[in-house]
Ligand code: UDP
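Heads up, the chain below is alone and in the form predicted on its own; it's given as structure tokens.
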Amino acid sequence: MKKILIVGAGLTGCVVARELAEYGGYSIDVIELRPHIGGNCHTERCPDTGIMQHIHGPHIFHTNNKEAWEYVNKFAEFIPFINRVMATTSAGIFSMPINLLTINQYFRRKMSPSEAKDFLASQCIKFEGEPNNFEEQALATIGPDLYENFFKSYTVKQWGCQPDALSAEIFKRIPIRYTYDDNYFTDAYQGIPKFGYTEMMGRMLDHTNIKVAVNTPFDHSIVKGYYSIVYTGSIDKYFDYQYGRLGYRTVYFKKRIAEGNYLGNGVMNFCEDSLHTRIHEHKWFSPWERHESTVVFTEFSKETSVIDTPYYPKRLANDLAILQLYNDLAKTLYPRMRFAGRLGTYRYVSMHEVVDSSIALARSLRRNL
């Protein structure tokens, strides 16, 4: 059997490993630096309350791709879940994403959808040509009032730079609705696995052709024994940062346990000049369970140091130039070495995109190995 090494037991590594294992003809070793599988989707029960915690921040699986939805449902029972996000601003608490209720409440009006759309258009700033950055895109889409109160301070906290340094594409991904729909996502399929993501990925790795080793760092010396390697760690780390480090933001959390309810909701964004960006109350990510106590995570964002786990690729102009140099190096190792996942490709990807791309990668490996 051809030996395959998969570096990283996050969602990418788990899906690729399972797909190759079921195809047959491959012996797959999965190594993971952390003491658990699941990557940033890792979930575990709080030992004090029994509440299922999303250790690295809440994850809601959402997709319009029926194949991706059916795929994850092979390994877990998904319970439908609607993600309703609230936002604390200097003017009060409002629902996110910005929708018709947000607009009417914020401006203290009673506008219809068409009236609200025309009203916001009258507030917007017009630029010559296309907006060049996040701030310009926001000002051209929702105007200065909503931008200043809902996005400016939050964006500085989240990304550690001024909004005019970020791509306009980031704001384009933020939904603005002229209906009363406060579901953060609009996909046909939305849910959370009943017993958490880590159990789901454990089932993916439960195959006779797969061996898993946690607490196991990657070392270049081990690659000689493998026919092919799928690397889901940071691409700049693999090449020992010879062209410099790619920019990431990381997050960290302060946990507290309390009685009753704290937020009354799963996620609260803090758009004011506070130090934290969000608070998560984890019992609301398992509303089918009942708990008297509650677990609250306060989330902070900061620049990624050498000892931090990278979360969000910044993808500023200098980062993309460095990335191109690493991608050129990666091409010299292709097809034996494949870089995959959020860190391996240096791009932000949702879980359903990970499933889609990982299945495609496994099929590509089967064709070419």
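Quick note: we count residues from 1 along the sequence shown, nothing fancier. This one's a predicted model, so the numbers in the text were calculated from it and none came from an experiment.
Only in words, not in the display: the form predicted together with uridine-5'-diphosphate (UDP), which the text now covers.
Put simply, residue 278 is close to uridine-5'-diphosphate (UDP) in the predicted complex: some heavy atom of it is within 4.5 Å. Interface residue remark: residue 126 is not counted as part of the site for uridine-5'-diphosphate (UDP) in the predicted complex, having no heavy atom within 4.5 Å. Although the partner is absent here, residue 159 lies within 4.5 Å of uridine-5'-diphosphate (UDP) in the predicted complex, judged by heavy atoms.
Among residues of the shown chain, residue 155 is one whose heavy atoms approach uridine-5'-diphosphate (UDP) to within 4.5 Å in the predicted complex. Of the residues 71, 189, 238, 151, just one reaches uridine-5'-diphosphate (UDP) in the predicted complex with a heavy atom at 4.5 Å or closer; this is 151. Residue 184 is the only one of 81, 262, 184, 226 with a heavy atom lying within 4.5 Å of uridine-5'-diphosphate (UDP) in the predicted complex.
Using a 4.5 angstroms heavy atom cutoff to uridine-5'-diphosphate (UDP) in the predicted complex, none of 20, 23 and 207 count as contacting. Of the stretches 172-180, 253-261, 280-288, 118-126, only 172-180 has residues with a heavy atom within 4.5 Å of uridine-5'-diphosphate (UDP) in the predicted complex.
Within 4.5 angstroms of uridine-5'-diphosphate (UDP) in the predicted complex, the stretch 249-286 places a non-hydrogen atom from each of 269, 271, 278, taken in sequence order.
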